[in-house]
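Take a look at this single chain in structure tokens; it is the form predicted on its own.
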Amino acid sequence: MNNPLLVVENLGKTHQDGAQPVTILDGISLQLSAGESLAVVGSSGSGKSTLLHLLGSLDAPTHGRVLVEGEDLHQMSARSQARFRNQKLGFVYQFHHLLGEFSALENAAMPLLIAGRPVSEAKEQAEALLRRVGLGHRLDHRPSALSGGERQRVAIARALVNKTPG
């Protein structure tokens, strides 16, 4: 039997709204093994983004644990969490969060550059992914010159670039 890649145990998040605590999530538990998929669905305000932020160590839970490959994300130092996000996760945000002063190629290469990979290697891997998503002709364009769908594809390439062989 495969060990789960992701284990979530009794995860919860509560915010203070003045004197009133507001529970966003409470008692979320799940397991995912490599190759499995999960869809997070729900109405606006139901806690989907909060859950994803907790799973990605972008926010800390009020209670519960998130284990990835057996390691508790929220017991890691901030530096270790940042390294984990850079090396193990790829984020594709609803509004892309591309850096406006950089080209599509530079945006897609950014995770590799942050990880200290050589510029030529980072750009080569990013270019290969951008070509794969149909943006080979838009490598030097800044986000403001790209359509919404093109920006989304740059964000997808950026999310995957650190996961490619190289």
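Residue positions are given as counts along the sequence shown, with the first one as 1. Nothing here was measured: the structure is a model prediction, and the numbers come from that model.
The same protein has a further form, the form predicted in complex with a small molecule, not shown here; the description that follows concerns it.
Visitor: Thinking of 22, 47 and 50 as the candidate spot, does the small molecule come within 4.5 Å of a heavy atom on all of them in the predicted complex?
Guide: Yes: each residue has a heavy atom within 4.5 Å of the partner.
Visitor: Flag residue 29 as yes or no: does it have a non-hydrogen atom within 4.5 angstroms of any non-hydrogen atom of the small molecule in the predicted complex?
Guide: No, residue 29 is distant from the partner.
Visitor: So in the predicted complex, does residue 120 come within 4.5 Å of the small molecule, heavy atom to heavy atom?
Guide: Contact with the small molecule, no.
Visitor: Pick from 38 to 46, 110 to 118, 129 to 137, 63 to 71: which stretch has non-hydrogen atoms within 4.5 Å of the small molecule in the predicted complex?
Guide: It is the stretch 38 to 46.
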